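Next up is one chain by itself, shown in structure tokens, the form predicted on its own.
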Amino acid sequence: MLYKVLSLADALSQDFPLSKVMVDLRSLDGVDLDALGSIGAGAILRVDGDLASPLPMLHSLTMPEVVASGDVIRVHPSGQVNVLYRRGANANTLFATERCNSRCLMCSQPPHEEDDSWRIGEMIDLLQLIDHDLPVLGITGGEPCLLGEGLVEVLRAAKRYLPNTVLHILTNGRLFSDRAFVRSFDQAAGQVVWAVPVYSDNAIDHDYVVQADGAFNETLNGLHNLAERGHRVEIRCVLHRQTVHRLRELADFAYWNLPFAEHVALMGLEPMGYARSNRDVLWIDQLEYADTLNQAAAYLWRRGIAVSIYNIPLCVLPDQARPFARKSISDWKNVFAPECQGCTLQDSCCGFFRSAGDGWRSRGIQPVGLRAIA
């Protein structure tokens, strides 16, 4: 079951279906539970289970602070609780599928070939319970486009329930080389930003990174087909030893061949999944490519293309590159190192992935002081 967790006041005033609302009574006593049941409330959330209830009741959470008002949770019959949407989080994402048609060297979510089409229905149910004023919602996988018509249904539901929310979909873009497939998403044009990775200006390097022959040509054809149908497109490149040596050429390639891209994201590596097992071919200290990264970002910016640097701490970037850097790491993954104590830039810095131990951190990590800024 999926439930929207709401305070009693919000449950009575907001327009979410009451049958899908779990009323948070952890700070209230003396509430008439029979009355809640009579108006159609779906369930209640309490600190403990010492009270008989006519409604399904969730209680005695091991980590009560994890579930808050506004969240959407999945409750298993076993009592396991998963938070699928968090009100106030700096990023919320729908997980579409574990399947993928690429095997990227640095994939942080290694794919599994199993039938998880059940996720389509869950995503549609979840969309009905997400706050209507959410500015951006991510969709990721695996490769979401492998859902085919299922993804079309999800986007149709998003247009109905969250018409003012931008959908940021991470996809390798390869299936969009089929023009008929692209046309099936016409109704989503404008609401969706398709975030597509291009790892090099040439097929040999790109196909090696994604471990799929022909992927470069499929991705480029897909990008042009999306643009032709009026879709919004973002280009992404994960930075590691196999991509940074052609980063300047990639920026030039993107400007001349993908001028319709509204944003380019240059992204530090997340040390999870395949990235860990492929560390020997991926790892490079961020200091070694910081100047090249600065040149690539400035090249794109001077030519009118919005550019961002994700997942790279400010202290290892040249001063000129810092305005491009974003606080990009999801709050539940985000940590700072002991070396960050006293840094004047910490409030605007992305910090580190929780999975990034000492072996994944640059030797240049150090606090930035007022004198260094001046």
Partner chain sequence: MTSEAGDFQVLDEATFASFARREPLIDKTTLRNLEAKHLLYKTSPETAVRLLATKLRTRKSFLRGGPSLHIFVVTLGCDHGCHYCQVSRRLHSGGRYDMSLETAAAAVDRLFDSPSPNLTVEFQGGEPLLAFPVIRHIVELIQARNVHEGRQIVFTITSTLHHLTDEILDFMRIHDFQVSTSLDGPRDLHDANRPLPGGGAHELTIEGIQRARQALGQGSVSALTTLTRRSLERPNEIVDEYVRLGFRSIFLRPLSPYGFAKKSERRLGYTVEDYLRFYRAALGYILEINRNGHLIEEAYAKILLSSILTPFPTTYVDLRSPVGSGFGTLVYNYDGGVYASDEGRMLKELGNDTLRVGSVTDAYQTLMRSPAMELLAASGLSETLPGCSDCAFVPYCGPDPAGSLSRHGDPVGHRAESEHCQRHTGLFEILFDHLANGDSATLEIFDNWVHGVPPVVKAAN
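Residue numbers count along the first chain shown, from 1. Note that the coordinates shown come from a computational prediction; the quantities given were computed from them, not determined experimentally.
There is also a form predicted in complex with its partner chain; it is not shown, and the following applies to it.
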*Please run the contact check for E288 against its partner chain in the predicted bound form: heavy atoms, 4.5 angstroms, yes or no?*
no
*Given that the partner is absent here, does F253 sit within 4.5 Å of its partner chain in the predicted bound form, heavy atoms only?*
yes
*asked:* Whether N225 contacts its partner chain in the predicted bound form should be assessed with a 4.5 Å heavy atom distance threshold; does it?
replied: yes
*Heavy atoms within 4.5 Å of its partner chain in the predicted bound form: does T165 have any?*
no
*Looking in the predicted bound form, is its partner chain within 4.5 angstroms of a heavy atom from every one of N278, D331 and R361?*
no
*May I ask you to choose, among C315, A325, L36, L45, the residue with a heavy atom within 4.5 Å of its partner chain in the predicted bound form?*
A325
*Would you kindly say which of N257, Q211, Q187, N90 lies with a heavy atom within 4.5 Å of its partner chain in the predicted bound form?*
N257
*Hey, of 97-105, 215-223, 232-240, 144-152, which bit sits against its partner chain in the predicted bound form at 4.5 Å between non-hydrogen atoms?*
215-223
*Taking only heavy atoms into account, state which residues of 192-224 are within 4.5 Å of its partner chain in the predicted bound form, ordered by sequence.*
D201, N202, A203, I204, D205, N217, L220, N221, H224
